[in-house]
Every structure is written in structure tokens, then in C-alpha cells.
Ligand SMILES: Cc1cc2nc3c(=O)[nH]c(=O)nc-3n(C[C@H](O)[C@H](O)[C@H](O)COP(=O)(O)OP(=O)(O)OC[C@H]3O[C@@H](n4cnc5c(N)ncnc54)[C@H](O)[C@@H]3O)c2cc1C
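Quick heads-up: it's one chain on its own, the form predicted on its own, in C-alpha cells.
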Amino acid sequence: MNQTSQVVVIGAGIVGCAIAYELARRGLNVRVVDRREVGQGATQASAGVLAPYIEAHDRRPLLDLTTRSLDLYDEFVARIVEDSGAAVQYVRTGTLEVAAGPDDMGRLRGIHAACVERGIAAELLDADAVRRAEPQLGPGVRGGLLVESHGFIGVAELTAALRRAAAAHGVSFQTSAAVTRVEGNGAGIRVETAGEAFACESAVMAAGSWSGHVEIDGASPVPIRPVRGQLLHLGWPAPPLRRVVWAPDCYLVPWTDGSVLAGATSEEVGFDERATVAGVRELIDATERVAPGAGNASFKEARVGLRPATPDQLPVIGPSAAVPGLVYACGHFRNGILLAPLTAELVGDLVIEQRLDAALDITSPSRFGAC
């Protein structure tokens, strides 16, 4: 059975939902198709940290993208909350990146210099000052860097609100439907699943780690591989952490309910989505080294996601060279939450206005051949 939409978005993670919402609020008829329920891939295993000067301080193209996207976040969240009527936990109290050795402090000085160069408020802290900023830090911490503009967002709440906001603008969601093939059909695009097909003017490939497994007529598969990330949800003992703490081997994200997300492993294990004893042990040990009081935390759950990574650690955003009307928006690795607002804006401008933003020179799929 053929069904018709102006745009089919392949993938219902945070990136796919953000794109669907953006396109629909700008007037298009949009359908989202995914093999899973909304937000149940890598998105559900994200801690929601918004910290470009931690994630990308030494990778200038990615830093430019992530800082630009962070600048969009206030308006992005406000609009989604208004359109959905749902609350979203969104906190910009900064991040505290800590050093456990002399080499770490040297790296933090470099990040601090990058912040100063860009006019970003940041403060280097010595051992005494870092403990005043966060009293729960362990004795191995020698200093830190406080970046005030950083923060975090409740990913599950954001995804649910995006779905509601998108639906309010007419987006339909079809889950349990794995897309197997995309092909041009002259007048538009045909998107196929095992049981049905969708005709559309444009399609957006936002299927995360599975993006390279969809057959694209006449195109090479986009080189995206899964990297497993395990994340712990802990019931934190009092007193609570004051802000996001980022250490060499883990990060800790404190929630208003008193719990903490501790992450994350980075494992090259293919499409294996199991939580493992080794992964959980690694995170528990790393968390206790940073904050010894974590030993008294309760264990709520372990979450697992497959993060979509590319060979050059940059996302793939832009038009297909092989199928007119197909747009890629995948390969965001650990930055899908942070880059969602910018990705949605770039794709919206491309699909609706045929405008190629300069950022697409960096993220174009053509860098990997005839994708």
C-alpha cells in the first residue's frame, strides 16, 4: 500500500523528531517512520549534557557546529514547551570539568584559552577552589574548569515534548516499521518498509547507527558505525551534586529529583546493545574515583545506546548526491542532543528553501563519495 506525504523522516530519535517538528511547523506534511518507538534508540541512553567546550574544544569544525547549536537552545526549548504544553527540565548552571593529574590541568588550560578567545565565561580552579565549587569531589582531583554557559536537558522529557509538538503540527508517527530501501522515482522518492511503501517529495535519513543499513538506490552506504555507550542511573546520597561534573573517565549529571546519571562507556562492539557487568563496573569505579560518596548511591538502572559514529567524527548533514530529494541527518555520535536544534534548522532551510548553509560544507555526505 502506497501512502503519500510531502516529507518522510526515517528515524524517530531526537534528531528525527526535531527535524519533523521543524518541517511541520514551517508548513509541510510530515511522516516519521522508525523500527522502534519514539526516542528508544541512542536517544534514551543520553545524559543530555550540553557542553561543546568539553566535547569538541580541540576539533574546530565540530566546535563551530556545537557552539552554534547551543546558542539556539533557549529559543528551541521555549518553542517546544509552548507548542507541546509539556514541561522540560533544562538547566544552564555550567559544567565543572576536573583534572586528576598534571596533564589534565594542561588540557584544561588549553580549553580555558579557547573559551577566552571566543568570549565565553570560564574559570580555572585550583585544588582548593574546585572543592569549594563541588565539595563531593575526591582527593585525586587537582583542579578544574568551570564553563558557565554549559548545562543539560532532560532527554526523555524533550523527546516526548517534541513528539507532542510535532503532532500538534500534523506530524504522523509510524513505528515498528523498519525502512529497507529508498529510491528516486522521477517525481519524488519512494521509501519502502517490509510491508508498505511511502511516496514523498523529500526524505530525511535520520536513522542513527542504522542509516548505513538502508539500501539507497544508486548510492554507496554512508559510513556510520555503532559505538556502544552504557550509562548508569543512580539514586545519589545527600548532599546533591551542584552541577554537571566531567572527569577523564566519566561524567555525572545531577537531576532535580536527587538522582544522577553517570556515563558513559565507548565500546566498539558492533550492534550489541547489552548492558554488561564490565561496563557497569567500569562506570561505578570511575564514579567513585571522582566522588567517593557514590559508593552509598542506590542503583536504579543501566541504559545502553548505540551512538552513530563517522570516520572523521563529524555528522553527516546535507543532500544526497545520488537521490534528488534525499537529505542525510545522521552520524552525530555523542552530540545528537546538543546538535538537534542546528540540524533541524539546517535541514528545514534545505528542504523548504533549497538553501545550502555554509555549515553543510563541513557536514556534506559527498565527502564520503556518492552517498
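All figures in this text were calculated on a predicted structure; none of them were measured in a lab. Quick note: we count residues from 1 along the sequence shown, nothing fancier.
Keep in mind that the form predicted together with the named molecule is not shown, yet the notes after this line are about it.
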Wondering, does Gln230 line up within 4.5 Å of the named molecule in the predicted complex on heavy atoms? yes
Can you check whether Val15 is within 4.5 Å of the named molecule in the predicted complex, heavy atom basis? yes
Quick one: does Tyr251 come within 4.5 Å of the named molecule in the predicted complex, counting heavy atoms only? yes
Since only the chain is shown here, I'm wondering whether Trp210 would be in contact with the named molecule in the predicted complex (any heavy atom pair within 4.5 Å). yes
Students should find that, of Ala178, Val81, Ala168, Val280, the residue having a non-hydrogen atom no more than 4.5 angstroms from the named molecule in the predicted complex is Ala178
Is it true that Val214, Ala264 and Arg307 each have at least one non-hydrogen atom within 4.5 Å of the named molecule in the predicted complex? yes
In the predicted complex, residues of 323-337 near the named molecule [heavy atom within 4.5 Å]: His332, Phe333, Arg334, Asn335, Gly336, Ile337
